[in-house]
Each structure stands twice: as structure tokens, then as C-alpha cells.
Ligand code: 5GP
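Here's a solo chain for you in C-alpha cells, the form predicted on its own.
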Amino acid sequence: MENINEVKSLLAVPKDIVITTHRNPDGDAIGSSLGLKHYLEMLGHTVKVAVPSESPNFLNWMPGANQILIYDLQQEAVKRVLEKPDIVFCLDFNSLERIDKMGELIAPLKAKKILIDHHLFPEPFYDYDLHDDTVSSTSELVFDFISLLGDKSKINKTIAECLFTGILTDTGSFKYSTSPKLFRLVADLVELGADDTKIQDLVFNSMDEKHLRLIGLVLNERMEVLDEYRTAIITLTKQDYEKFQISRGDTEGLVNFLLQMKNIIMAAFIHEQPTITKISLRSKGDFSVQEIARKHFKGGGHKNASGGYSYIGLRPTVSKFKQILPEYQEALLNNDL
């Protein structure tokens, strides 16, 4: 991070700080935000976390999760905390578009904006940044940020467990975007108090019955395997969302089941929302889904995990996805795991 001393000076006296992250925040978004919040509060700052929309229920156990302001539900409260903060930390997103209406509130602020993110191609809306698209997660970068400030010793059990959760979820239980540095960092978090067994249980063993039944439906009735492209697709309709009372977080991880098949390189989860159709893409090995999401579905992300959307409905979106597969057939067939 360039100008780390300037950032350190900014944080030398108590400030009003807002931390925000992307719409539909996942484990890394919430874990990194809460980990940073607890650290900054130790320094004497007044800190609010404000996000565009709700996060999955399996993240609610993290300390401070019940204090997060949600723009979709608490617009006036979020507007008040964004009236005149001294600093805004922007975590786990690379464009103000990723925070929807909140981006329109943050863009004109005189507050210093600090980006901490690992997505490709960040737009230059910030004053300072810690950006690295080769790392596992924004939670890894928050650990690095605290260390760069010389405060690694201030990372306590609470901070460590928040950051561990972000890393755990964004790496798919340490299957993606790992490195020797990451495993050394995770070992540090465990030594600093993160209870890895407890966190794994809270994150992955907290399903409702309807969630398990939804998995059965998807794998039995909504899975299509395209062997000639080493690709598999699952879909959900608006009616499925109503029938199974699907809420935010219930579909988390569904797309990853497809990658458990030994010959599948790319997995797609395509599902209807009230006004758009969303697509989540995952891949194995060196095959990148980021280009597909960016080029064809107005999205982006990482090499092995990206997403996007369309306005044309579920069936046309599935058809569009299938129509682009020949363009990537050679890369898919020749992918060497």
C-alpha cells in the first residue's frame, strides 16, 4: 500500500468512520468489514458498517453482525451515517456501482475513501488503496492492512474469527486462491484465538430443513450436464423461490456441488430474481470464468468465481449461456487439472 504513513496519520486521532461492502454481502464481505470494525474501534474511532442488502443468516453469529445497517431496510439510518464521515472504507468491491444507491451517496463525499479489495480492474474512486487481485480474499488484505500499520499484536480472538470466516468462505474451505502466505496467515489467526472447528460448524452446519430439501431438488431435477463442454448447469425459477421460501443465503454454495463431478470444469447457477436473472459461475484449474461474466453477462469477479446478470429471463439466459460455450470448448476440453 502506497502512502501507508499518510493513512496511519489519518487514523492517529479518533474519527467518524463508515465501512461498506458490496450488495448481497458474502462471508468475505461481512468478515472483512467486521474484522476491520473491531480493530478501528480498538483505536478509539466511531465505526458504523453499512451495506446495501442483507447477508446470509449463517453469518449472524459474528460479533457486531447485529449492528450492521442495511440500506434496503434502513435507508434513513444509512443516509444519516453517510452525511459527514471522516473516512469511508470500501471493502471487497471495485466500483461504486457494486453498492447500488449507496454509491450515489458516497461518491460526492469529502471523506477520504480507502479501498481494500481483491477484484480485478478497480475504478479510481478512492484516495488510498490496498489492492491485490492475486490474494484469496479481502479478509486476507485486512490482516495485511493491520500488519502494515504495525498493529498485528492488536488482532484479538474476535478480529481473528471474523477474518478467518472471510478467508474460509471465499476460498471454498481452502480449495481456491490459496498460497503459502495464506496458510501462514491462517495459522497466525488460529494462534491469535480463531477457533477453526467452531467456525466451520457455524458456517457449514447451520442448514434449515428446507435448505437440504432444496439441494435435493436442484441436484435431482434442475441439473443439466453438458459433457461435450465439461460444463454443468443448475437453474431455479421464481416459483421455486416461492415454493421453498428461499431466502438470502439458502442458495449459497449450490453451484459448487457441480464441480464435485470429476470431469466438470465449469459450473453455472442461473436463477430468476424479481427483475433480473442472475448467473453464478465457478471453474476448476486454469479455466477462467471471469471473461465470460464480464463479456457476456455485465459482471466480473475472479478467475474461478465470477457472476453476472441479464434482463432477458431465465430460459433465454440459459440459451445464451449455451450458445457461447463453443467459443470456450477448446479451453474447457484441454484444461489440465
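A residue's number is simply how far along the shown sequence it sits, counting from 1. All values reported here derive from a predicted model rather than from experimental measurement.
Absent from the display: the form predicted in complex with the ligand. The rest refers to it.
Residue contact check for G301: one or more of its heavy atoms lie within 4.5 Å of the ligand in the predicted complex. Residue contact with the ligand in the predicted complex: S306 places a heavy atom within 4.5 Å of it. At the 4.5 Å threshold, heavy atoms of S280 reach the ligand in the predicted complex.
In the predicted complex, K113 stays away from the ligand, with no heavy atom inside 4.5 Å. Residues within 4.5 angstroms of the ligand in the predicted complex, judged by any non-hydrogen atom, belong to 307-315 and to none of the other stretches in 62-70, 34-42, 307-315, 47-55.
With the partner omitted here, the residue from R98, R222, H131, H211 that has a non-hydrogen atom within 4.5 angstroms of the ligand in the predicted complex is R98.
Taking a 4.5 Å heavy atom cutoff to the ligand in the predicted complex, none of the residues in 61-91 make contact.
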